[in-house]
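Okay, so here's just one chain, in structure tokens, the form predicted on its own.
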Amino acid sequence: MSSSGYYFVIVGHADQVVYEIELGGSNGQTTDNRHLNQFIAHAALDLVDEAMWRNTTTYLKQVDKFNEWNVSAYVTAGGLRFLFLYEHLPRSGEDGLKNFLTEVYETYVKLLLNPFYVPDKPIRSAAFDKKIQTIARKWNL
């Protein structure tokens, strides 16, 4: 992951990846970065689970740090975990990151209203991808 790259993942109830996307980075070495990003995100899940019981808010801020990568989390009312990996905070700052995660959650809720989507199954929708990328651009990610 380059210094301008971000990684966003939605983790389901059984710790499976429901959705993942790399945002704002270069396209070089995406396979190696993807495995490292998945490792960092998976390693942070225990800390996210601990933090969600200590806090009453859905946005947990920074929950873990692995070398130069930080992990911020957002936990839904249904128990899904949204993890955002970054080296440096986005230009929009902590508030921009919170707003990004909140808008992604709203988009996910709209997806849940689709009778053809089965919760906790991988999201393979070009429209969902495009919406996430639009939200990321909106918040300067």
Partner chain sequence: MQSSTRLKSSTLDRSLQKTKGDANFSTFALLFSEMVQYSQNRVDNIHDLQNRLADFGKHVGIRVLDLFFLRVGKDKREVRLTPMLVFIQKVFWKFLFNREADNLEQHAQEANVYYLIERECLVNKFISVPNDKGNLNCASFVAGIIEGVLCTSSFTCKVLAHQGPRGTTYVINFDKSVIERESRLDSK
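Nothing here was measured: the structure is a model prediction, and the numbers come from that model. Positions refer to the first chain, counted from 1.
The same protein also exists as the form predicted together with its partner chain; that form is not shown, yet it is the one meant from here on.
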{"item": "Residue contact check: Tyr105 to its partner chain in the predicted bound form, 4.5 Å heavy atom", "value": "yes"}
{"item": "Its partner chain contact in the predicted bound form: Trp53, any heavy atom under 4.5 Å", "value": "yes"}
{"item": "Exercise: Leu89 in contact with its partner chain in the predicted bound form, heavy atom 4.5 Å", "value": "no"}
{"item": "Any non-hydrogen atom of Lys121 within 4.5 angstroms of its partner chain in the predicted bound form", "value": "no"}
{"item": "Which of 65-73, 38-46, 89-97, 106-114 sits within 4.5 Å of its partner chain in the predicted bound form, heavy atom basis", "value": "106-114"}
{"item": "Partner contacts for 70-93, taking its partner chain in the predicted bound form and a 4.5 Å heavy atom cut-off", "value": "Val75, Thr76, Ala77, Gly78, Gly79"}
